[in-house]
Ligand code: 6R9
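Form predicted on its own, single chain, as C-alpha cells, below.
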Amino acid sequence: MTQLEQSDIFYPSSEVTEQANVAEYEKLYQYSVENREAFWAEQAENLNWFKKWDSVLDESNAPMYKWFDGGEINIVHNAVDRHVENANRNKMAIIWEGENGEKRNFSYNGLNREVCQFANVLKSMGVEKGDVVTIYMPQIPELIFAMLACAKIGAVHSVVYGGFSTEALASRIDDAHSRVLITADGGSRRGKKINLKAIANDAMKRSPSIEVCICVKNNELDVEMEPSRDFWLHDLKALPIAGSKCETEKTGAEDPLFILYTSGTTGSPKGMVHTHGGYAVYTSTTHRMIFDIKPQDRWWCAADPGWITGHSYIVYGPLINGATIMLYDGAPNYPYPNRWWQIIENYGINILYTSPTAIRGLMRFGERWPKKHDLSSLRLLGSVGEPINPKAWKWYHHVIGNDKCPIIDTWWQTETGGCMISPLPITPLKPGSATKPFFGNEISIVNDEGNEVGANEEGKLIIKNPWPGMARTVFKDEQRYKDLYWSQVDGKWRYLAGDSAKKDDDGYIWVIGRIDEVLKVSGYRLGTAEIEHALVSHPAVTEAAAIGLPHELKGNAIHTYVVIKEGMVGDKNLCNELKEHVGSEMGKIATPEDVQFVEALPKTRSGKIMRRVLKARALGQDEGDLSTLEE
C-alpha cells in the first residue's frame, strides 16, 4: 500500500448521502454483530415466506450451519411471483441486447409467463424437486428463464458458463448426475458464431446420465439433434403441456437452490451448494443496501449469469428487489470501444457493476470513446472479481463517473454467495480498498498461528462468523468442505478465505490477493497485486501479472508479464524502465528479476489472472485444471 493510496480519500457528496438507503454505518454495524440473529431476522422479514422459521441460526452441527431452518420459502416466489401480484406487474424486469443489435424486453408479467412455461416443460420431461438440471447457454434471456424455472419447481440448477470446453461441461454433468441438459444451438462473440450444441453433443457422449436435452434456437445454426433425446424449446412451448401458469413449489429454507462449480489452484472443481432461504435473504439485502437500490433504477451487472456474480447480482438479488436488469450478450469493445458507453446512454443505466479487468481493458482506448456519450444517468459504479488498482479506480471514477459516482469496490467469493466487504455509498473511499465489512460480518487478519496482526501488517483474511448467504457444503463431499474452508481456534469455527489482506489505521481492509499469490522474497512478503499495481501505474502499461520463481539466494525472484498500450514498443529500454519504476514505487526489494511483454494474460472467464498457469509454464510443469481459462 503506497502513501498515495492511504492519503487519497474520496468523500461522498451531500446529494448521495442525503438520499442513501442506509444513512449511518457504525451504529448499525455494531448492532448487526452484537445481535446477529435479530439483524438477519429483520432482513428476512422483507421476503415472503410460506412458513416462518423455527430458528434463525442453527449452530448445533458447526460448521455445517443452517439458516432459517424450518421455514418454507421459494426464491422465485420472491423474485417473480410477488411482483406480478403487486404494482411491479408491468414494470420492466429485463432489458436484453445482443451483440448484433437484437433487442428483447420483458416486464415482470412477461418474465413470469416465460418462467411458468419453461417450468411446465421441465415437469413434462420428468424433472422433480431435488433433481439437478445442468444449464449450458449464452447470455440470453432464456438462461435466466431456465434458472428460475428450475428453482420454481424445486429442482437444483447447475449453470456451466457458455464458454467452457467439452471436458469442463462433461465433468460437471457427471459430478451432478444430471439427467436433463438445457443448451442453445449457439452463441456469438465478436461477430463469430459459436456452435454450443456441438460442444454439448460431445459432452453428452461422455455423460451417460443425460437423457433429455432441451435446446434454444438462438443463432439459426444447423446443429445435430438426436430425435430420442433432443428437443427444441420453441416446439415444446407450442404444446399444451407448456401452459402459462405453474404453481411455485414450497421449498424448505435449507433445500438446495443451485450448485456452482469453482476451481482453485489444485484438485477437481468444487460444486458449491447454495440454498433457497439464507441465499435469498443475503443477496437481496446486500444488493439493496450496498448498491442503494431505488425503485426506478436500471441496474447493469456486466458479468455473466454463469458465474456467482451473475447468479447473485444479475438474477436473484436484483429480481427480489424488483429492479430493472440490463443484460448484454457481447464483448465490451465490439464492434467499437464505445459499446458499453452507448448502452449506458441508450438505456439510462444508473448503476454499473463490473470487473477491474474490464475497466483496464477499456482504459486502453483512452477517454475519447466514453466522452462521446452522455453517461449522466450513472449514480453508482461497482467493482468485483479482484482488487482494483488505484490507477484504474481513478480513471473509472473520473472518466466514467464524472467525479460524482461512488465506487462500490466489493470483496466476496463463490463460496460466500454475496458481498462480504464493501463500502456503502455514504462511505469515504480509498482507491484500492474494499473498505469495511458488510453488516453482520466480523473480518480479521491473522498470522500463520491464527493470531490477529497489527495495523498495516499483512496476514490471512478470515471470517469469524456464519452468514446467511454462505455455501452449505461441497456437493457430495462434506469433509472436503470442512477441510478446505474451516478451522477451529479456541473452540470457535473460522472461515478461511484463502486471501491475503491488511487493515490500515482506519480499519479499512486492503485485499492483496490469494495466499498462493503472495511472494516471499529475501524474507519479505510481497503481494502480487501490489507489484502489479506498481507496474500498471506506469503510463505504458495496461495490464500486468507477477509471479515468484525459485531463486537460490532470495528464495523467490519476481518475474512479471505486462501488456502495453497500443503504439508502445516493448524493448530492453522499456524493460529496464519498468524494473526501476517498480523499485521506485515499492522499494528495491520488489524490483522484478524479469519483465516479459505479452499480447494477453491467461485469465479465467470471469476476468481473474491465472498466475499459477504462468508459473507452471515458466517452470515447465503441468498447468493443472484449465476449465476456467479464457480462450
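What you are looking at is a predicted structure, and each value in this text was computed from that prediction instead of being measured. Counting begins at 1, following the sequence as shown.
Absent from the display: the form predicted together with the named molecule. The rest refers to it.
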Worksheet item: For the chain shown here without its partner, which stretch in 506 to 514, 475 to 483, 158 to 166, 450 to 458 has non-hydrogen atoms within 4.5 angstroms of the named molecule in the predicted complex?
Response: 506 to 514
Worksheet item: Within a 4.5 Å heavy atom cut-off, is Pro437 in contact with the named molecule in the predicted complex?
Response: no
Worksheet item: Any chance Asp81 has a heavy atom within 4.5 Å of the named molecule in the predicted complex?
Response: no
Worksheet entry | the named molecule contact at Val384 in the predicted complex, heavy atom, 4.5 Å | yes
Worksheet item: Taking 4.5 angstroms as the cut-off for heavy atoms, does Phe258 touch the named molecule in the predicted complex?
Response: no
Response to the item:
In this chain shown alone, the residue from Thr410, Gln139, Asn321, Thr251 with a heavy atom within 4.5 Å of the named molecule in the predicted complex is Thr410
Response to the item:
Heavy atom within 4.5 Å of the named molecule in the predicted complex, from candidates Glu99, Asp304, Asp131, Asp499, belongs to Asp499
